[in-house]
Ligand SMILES: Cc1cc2nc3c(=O)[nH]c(=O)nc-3n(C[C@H](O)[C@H](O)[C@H](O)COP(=O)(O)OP(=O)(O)OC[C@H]3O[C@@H](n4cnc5c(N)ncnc54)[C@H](O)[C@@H]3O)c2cc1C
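Heads up, the chain below is alone and in the form predicted alone; it's given as structure tokens.
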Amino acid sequence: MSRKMPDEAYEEFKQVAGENNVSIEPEVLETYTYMNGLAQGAMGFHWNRKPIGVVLPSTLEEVRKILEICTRYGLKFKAHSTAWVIMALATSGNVVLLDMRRMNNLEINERDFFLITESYPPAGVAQIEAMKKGLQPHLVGAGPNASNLASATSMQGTGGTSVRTSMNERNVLAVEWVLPTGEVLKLGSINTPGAGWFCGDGPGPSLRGMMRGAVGQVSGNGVFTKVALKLYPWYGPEYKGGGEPPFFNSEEVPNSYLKYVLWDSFDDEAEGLYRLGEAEIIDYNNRWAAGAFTSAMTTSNQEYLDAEAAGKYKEMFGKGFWTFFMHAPSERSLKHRIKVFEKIVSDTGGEIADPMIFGKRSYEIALQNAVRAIWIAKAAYMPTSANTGSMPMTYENIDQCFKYALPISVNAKKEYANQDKILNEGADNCYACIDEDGHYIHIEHACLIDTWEPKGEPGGAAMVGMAKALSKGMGLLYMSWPGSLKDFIVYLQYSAQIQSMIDPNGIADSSGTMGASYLAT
């Protein structure tokens, strides 16, 4: 249960961050309580726990002192950068939110292909600055509004460009990390005086796995104030678009190839993905289906529902489709890639479609996703913020996802769609992307629902999918779980021991990430 911030703590926070950067005003705290995100709207709630105060630090030293004050007065803390999902807000009582927007420095190292970013700069800003120098960072599926630091240190790090630029958790070179105790931990080569930020495997054992694990601890293990990330070549020029949002008049990228691909069966799709990954020719890949495409093509909830009822996009994309983008350093290189691409798609029974199939809007969606990752988040939030997952959602090999996980999800969703509990989007509404030119894939299964529909029940499909997945020993929530309950408890106990070591005073508001771990001890 939340309580009022102690007057003494409030005064100390003001001394550290400045009077204008601390607030306990009810009107301000309300703005840090609402989150119109992902499953929240679909499950029928938008409001989270109210923090007892908000602090905006601007330096590493200010962050360290803020955590010391929290410890002294028995308060919890939660830090967020651009605040994309529910976990960015307070999830327990007596939480002081650290809004990191004042820590917005960004540096591009053109010579050595890396960037150094503080907590706040959005990925889209980093991309624009890097493109000016013929480089680009990885963009996560959350879109250009999301913080690169957050996805690298504290949250999922995958996205459509990860087929070429890897996932952000694997792009980490060096980290500046304030532990809940106030101790500053530096990982990578920055721990060696004069060595710089260029290397993630500096002296001593690597702690990057403990830092974030599979999907991150969303501020549950401290505050990350700075990170160095790898950059990758961009064969330029930088992306340009005019017009008005949400559909810009984008310029075509030189020496690039952009197509939609449809496969008729999951088995053929899996084979095509294996071969395309192994060919190492793809720069962007993203799987969608009718529901997500319809939301991207429309500009309001009502327009979405009208288009969904008409069924035009469902007829075309009801079994799902992929967007593939290739960007080559020369015309000759591009011609080679196109030949390889077209042969693999043909050999595996795929059909190539022009992104102009539904006019300039569908082309804009394909190009802006491929270059800027703009439309993925929009698809997750419509209609009426009604997106929720139909389990299992996981990182796994392609066979596991397409031959086992996806059919479970599709069947669970069909059962609920037939009862008008979720929208009938066709066979599936799966989001996926291959990681690192390989056999590894990230996959999510969305349910869409009209939240005003009396029969609406998105959570049921998720529970049915989860139960069936667990019965087959499959992973859930983006990670593989130990097959037996006994092994899973051991896993939780180790997780709890790590968390206790990092946060011995228990002042981190861990968003429930580690809650199950404590139950196991």
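Because the structure is predicted, anything quoted here is derived from the model rather than measured. One rule holds for the numbers: they count along the sequence shown, beginning at 1.
Just so it is clear, the following notes concern the form predicted together with the named molecule, a form of the same protein that is not shown.
Proximity of 259, 365 and 370 to the named molecule in the predicted complex is absent: no residue of the three has a non-hydrogen atom within 4.5 angstroms. Comment: the named molecule is not present in this chain, but in the predicted complex one of 398, 130, 146, 95 has a heavy atom within 4.5 Å of it, namely 146. Distance criterion of 4.5 Å from any heavy atom to the named molecule in the predicted complex singles out 88 from the list 412, 88, 430, 282. Contact annotation: the named molecule lies within 4.5 Å of heavy atoms from the stretch 136 to 144 in the predicted complex, the single such stretch among 261 to 269, 307 to 315, 294 to 302, 136 to 144.
Taking the partner from the other structure, the named molecule in the predicted complex has no heavy atom within 4.5 Å of any heavy atom of residue 239. The named molecule is not shown here, and in the predicted complex it never comes within 4.5 Å of any heavy atom of residue 164. The named molecule in the predicted complex is not approached by residue 358, whose heavy atoms all lie more than 4.5 angstroms from it. Contact check for residue 156: a non-hydrogen atom falls within 4.5 Å of the named molecule in the predicted complex. Looking at 217 to 237, the residues that come within 4.5 Å of the named molecule in the predicted complex, counting any heavy atom, are 218, 219, 222, 223, 224.
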